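Read the single chain below, which is given as structure tokens and is the form predicted alone.
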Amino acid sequence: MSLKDADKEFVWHPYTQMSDWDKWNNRVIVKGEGFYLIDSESRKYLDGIASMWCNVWGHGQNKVVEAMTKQLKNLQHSTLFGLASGPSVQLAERLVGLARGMDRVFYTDNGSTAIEAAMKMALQYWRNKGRDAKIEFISLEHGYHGDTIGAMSVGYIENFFGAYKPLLTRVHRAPSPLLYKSRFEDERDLAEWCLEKTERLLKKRGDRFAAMIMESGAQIAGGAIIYPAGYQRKVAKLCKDNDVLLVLDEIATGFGRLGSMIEYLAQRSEPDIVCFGKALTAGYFPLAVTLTTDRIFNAFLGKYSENKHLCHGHTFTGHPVGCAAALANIELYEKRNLIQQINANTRYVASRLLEFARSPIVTDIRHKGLLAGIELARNNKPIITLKNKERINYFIMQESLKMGVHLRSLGNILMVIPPLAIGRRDLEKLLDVQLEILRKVERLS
């Protein structure tokens, strides 16, 4: 049986309507070269979505791969339950140095589990402090934090998670500062309104809230919503004033995606707990971290019989190969001046987005760093299906593959979210293809 036939027969793909899979001429990726993916029939595709927003350096031999190979030869896996490993200790020290204000590092496997650990830390922190009533969470509308139970609860998106609502805990929502289609003309006015609503919620239920959880700098899966200047800093102050912990999710927005290595530092909004993942290992290994302050950590100290310790952990927590990858990745960021390159490419993307803005079906563009969301609508209605009844997200993916690029849109939002170290020539190709697809959508919608 060929790889393509075996894929159709046995693999259940995420966020995919499998009844449509046969008509997609599915591709099976067998190799990577540079920023390109190569399928079983030797066709090449520019990785236009950074392999789900996490790839940094592309594919092939580099210092990160070398570090992983070396680690595999020395120690394949060792638990953190009752032991430590050299790479996990070294990486923790490195991360605390980068993420100023944080003091402790808890390891998990992926972004969703990092959020789950953060939620459990927040709840147990207050319980250990004798504040048992603080058991609720507040988050932002349009937020997304992962697909596990707690993460779905705080990052609820109806289209994604409606079927699982009976599993979820109740969470209070503060408004997200999305200017598009709001009643405000100025984002500063919108931000102040959102802050007033958030403050009202915090004051009303601050004695019940354990933490507020929000993405740092921007909401990505919720529609590439970029926060107005000063908004996140003011949210942090509101949380502090109302004795509510602030948990920041930098899983997708940290490590350069928005132009800063540590986004909360750029936002001047120090959290109590922060989560990193995705680009942490350059996208080469499943590893995530939840960092916190000594103030939080110290509340978990005591006699064993008091049961104050954090009861959370995973088989592959702090995997030494993942930690070795992250250490080499951070070193490569510095050696290659990657943040500087990202900011140069950010300016190029901004100049190219002017071409998209001239389209009659582009109604809003939201951009920061190497993230852009291009909203497609006609007659003020989101373009969901085309004249031939084909769904726009299917169309965008299939057309991009025909042109040698892999793209996934967020419904009617065309996303620009390339590998972080992408070169100018490949970035130009990516935007050229997206512009060509936009022209096709104009004709077919």
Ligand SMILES: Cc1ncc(COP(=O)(O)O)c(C=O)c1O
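Position 1 is the first residue in the sequence shown; the rest follow in order. Here the structure is a predicted model, which means the values were calculated and not measured.
Another form, the form predicted in complex with the named molecule, is not on view; read the next lines as being about it.
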{"property": "Contact label in the model of the complex: S112 to the named molecule, heavy atom within 4.5 Å", "result": "yes"}
{"property": "Touches the named molecule in the model of the complex: E215 (any heavy atom, 4.5 Å)", "result": "yes"}
{"property": "is_contact(W57, the named molecule) in the model of the complex, heavy atom dist at most 4.5 Å", "result": "no"}
{"property": "Any non-hydrogen atom of K278 within 4.5 angstroms of the named molecule in the model of the complex", "result": "yes"}
{"property": "Candidate stretches 118-126, 292-300, 145-153, 260-268, one within 4.5 Å of the named molecule in the model of the complex by heavy atom", "result": "145-153"}
{"property": "Selected contact from I251, I273, A324, A282, since only one has a non-hydrogen atom within 4.5 angstroms of the named molecule in the model of the complex", "result": "I251"}
